[in-house]
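Here we start with a single chain on its own, the form predicted alone, put down as structure tokens.
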Amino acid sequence: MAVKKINAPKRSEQMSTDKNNSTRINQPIGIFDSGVGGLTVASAIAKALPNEQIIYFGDTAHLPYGDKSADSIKYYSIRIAQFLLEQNCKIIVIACNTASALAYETVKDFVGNKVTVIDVVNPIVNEIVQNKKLKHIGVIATKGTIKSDIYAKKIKHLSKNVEVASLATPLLASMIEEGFFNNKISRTVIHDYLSRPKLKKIDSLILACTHYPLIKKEIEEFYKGKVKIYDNAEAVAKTVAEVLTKEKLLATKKNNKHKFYISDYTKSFEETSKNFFKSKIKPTQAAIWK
């Protein structure tokens, strides 16, 4: 097979690229989700990359995404991506499993070569398939993510002998958005879902919704160490760091003036954010749907 030779850029072109990067490196990282769930990803990125500024958008007007149509999810995602581009974000992270499953390719096409788009599915799948000891992987997520079957398809494509059991857990995201976690209500709902026969033989469980790390402790208590629990946040943060390093876009000066936008006011967003960021978050309502 002939190998196509790629010519190195001319010095003038390289200087232009370097100059362009120098103006972009201190631009923010854009992150979006349907609500508070993506804060788990935003927090992990902030810890992994302390110099970076984050601009976060929570589409609280349309949450939860899990029961919306694919066309609706694509429309919401494109509009939010446009908003983040308008904020001069140098990279966009889709911190929502449903949007990652249904709109990742659409957002990439819309953004074109302006910025790199990162989803929350591929990073955790790539991490999990490296653990050859796992044979029966469970996945819990919203209806939209489970219906797409994206985790099972990607895992089985990379690991042929692995069994994947997927279960829709639609009450969890709404419960968390309303602030019901770490209490009797959440434990009852979690116990009911995790006791389902479909998850009986699993040796690991993917929390395939960025809301779910908020109840990770309760899930771990249910399994009592017998099942390995995975969530997306740290895997995504690692991928973001790798991409920014490769593209030479790591911030050179510290900027912790993170900005948080929501499409509709919810008290729980402000309350839940305390779990992740030391300074009190005062989200700005952005009416991007008008």
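Note that residue numbering follows the sequence shown and begins at 1. Small disclaimer: the values here were computed from a predicted structure and weren't measured.
Only in words, not in the display: the form predicted together with a small molecule, which the text now covers.
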Notebook entry, point to check: Exactly one stretch in 160-168, 142-150, 187-195, 126-134 has heavy atoms within 4.5 Å of the small molecule in the predicted complex; which is it?
Noted result: 142-150
Notebook entry, point to check: Is Leu63 a contact residue for the small molecule in the predicted complex, using a 4.5 Å heavy atom cut-off?
Noted result: yes
Notebook entry, point to check: Is Val93 close enough to the small molecule in the predicted complex to count, meaning some heavy atom within 4.5 Å?
Noted result: no
Check: At the 4.5 Å heavy atom threshold, is Ala173 in contact with the small molecule in the predicted complex?
Finding: yes
Next item on the list: Classify Ile80 as contacting or not contacting the small molecule in the predicted complex by the rule of any non-hydrogen atom within 4.5 angstroms, answering yes or no.
Entry: no
